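So this first bit is one chain, no partners, the form predicted alone, shown in structure tokens.
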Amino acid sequence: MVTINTASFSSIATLSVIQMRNVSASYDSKSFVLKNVSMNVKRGSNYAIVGASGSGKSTLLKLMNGMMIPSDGVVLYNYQKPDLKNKQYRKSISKIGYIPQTLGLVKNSSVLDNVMIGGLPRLNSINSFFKNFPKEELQHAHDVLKLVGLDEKSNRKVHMLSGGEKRRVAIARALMQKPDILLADEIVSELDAVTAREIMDVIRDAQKKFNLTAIMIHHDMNLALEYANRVAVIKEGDKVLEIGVEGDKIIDFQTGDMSQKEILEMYNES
């Protein structure tokens, strides 16, 4: 008989980074924002979640990064259940870069100071307070700012930037974490089509450079299909459709109770 040391599994580069099995979620223990949702996000993929406002998309990201515990079902990160007492889980969850819909930037601080926030878990708190950052951390910050196209604006206050530039700062701050997964909640909403694609190109470049798994919420089905490997559609808390994409072709799909007419109408209205 072969004995397997399950404690060593956490060090394995697992194929799936996020698994959700029959997950339901509620904020008040009465009404459910998500109902019986299952997802499997493969390492290195670009996974998009599309749906109307209030459909439960943002709640999915909160479940993925440990900010929220499901009311029912199981959420696994690298095949581990959320457990903040588990040192290995805490280490793993720190490798998730999260960009909220509000971006969460300090508007009166410089671009560089905002980006350095992403490195705080690795830095001494006293040195961080006095902005006494190690040279290698400052170099990494400038590297990610160059990647997102803002290195020449590192000293500019965030409130002086355009909407697209603020999103680049938020991406750079997340990359400063040295993450394995990048979660982005409606990061291109309210942007014009050209700027939205520029931001999506930045994320795609970062994903390739750092071998990231990207999980992004969109309201635009066309944009999701253009950039993602898989697209999940959420409707009133249910996952009603999941599409596999390869280039400009849909290679597979799974439907729930959504009719073909509804799918086509949603796609044409995006």
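The first residue of the sequence shown is number 1, and the count goes up from there. Treat the numbers as computed from the prediction; the structure is a model and nothing was measured.
Quick note: we don't show the form predicted in complex with a small molecule, though the next part is all about it.
Colleague: Looking in the model of the complex, is the small molecule within 4.5 angstroms of a heavy atom from every one of 154, 157 and 169?
Modeller: No, the whole trio is out of contact, none within 4.5 Å by any heavy atom.
Colleague: Among 40 to 48, 225 to 233, 58 to 66, 201 to 209, which stretch has residues whose heavy atoms lie within 4.5 Å of the small molecule in the model of the complex?
Modeller: Going by heavy atoms within 4.5 Å, the stretch is 58 to 66.
Colleague: Does the small molecule get within 4.5 angstroms of any non-hydrogen atom of residue 186 in the model of the complex?
Modeller: Residue 186: yes, in contact with the small molecule in the model of the complex.
Colleague: Heavy atoms within 4.5 Å of the small molecule in the model of the complex: does residue 80 have any?
Modeller: No, no contact at 4.5 Å.
Colleague: Evaluate residue 101 for contact with the small molecule in the model of the complex, applying a 4.5 angstroms cut-off between non-hydrogen atoms, and reply yes or no.
Modeller: Judged by the heavy-atom cut-off of 4.5 Å, residue 101 is in contact with the small molecule in the model of the complex.
Colleague: Would residue 33 count as a contact of the small molecule in the model of the complex, using a 4.5 angstroms cut-off between non-hydrogen atoms?
Modeller: The answer is yes: residue 33 has a heavy atom within 4.5 Å of the small molecule.
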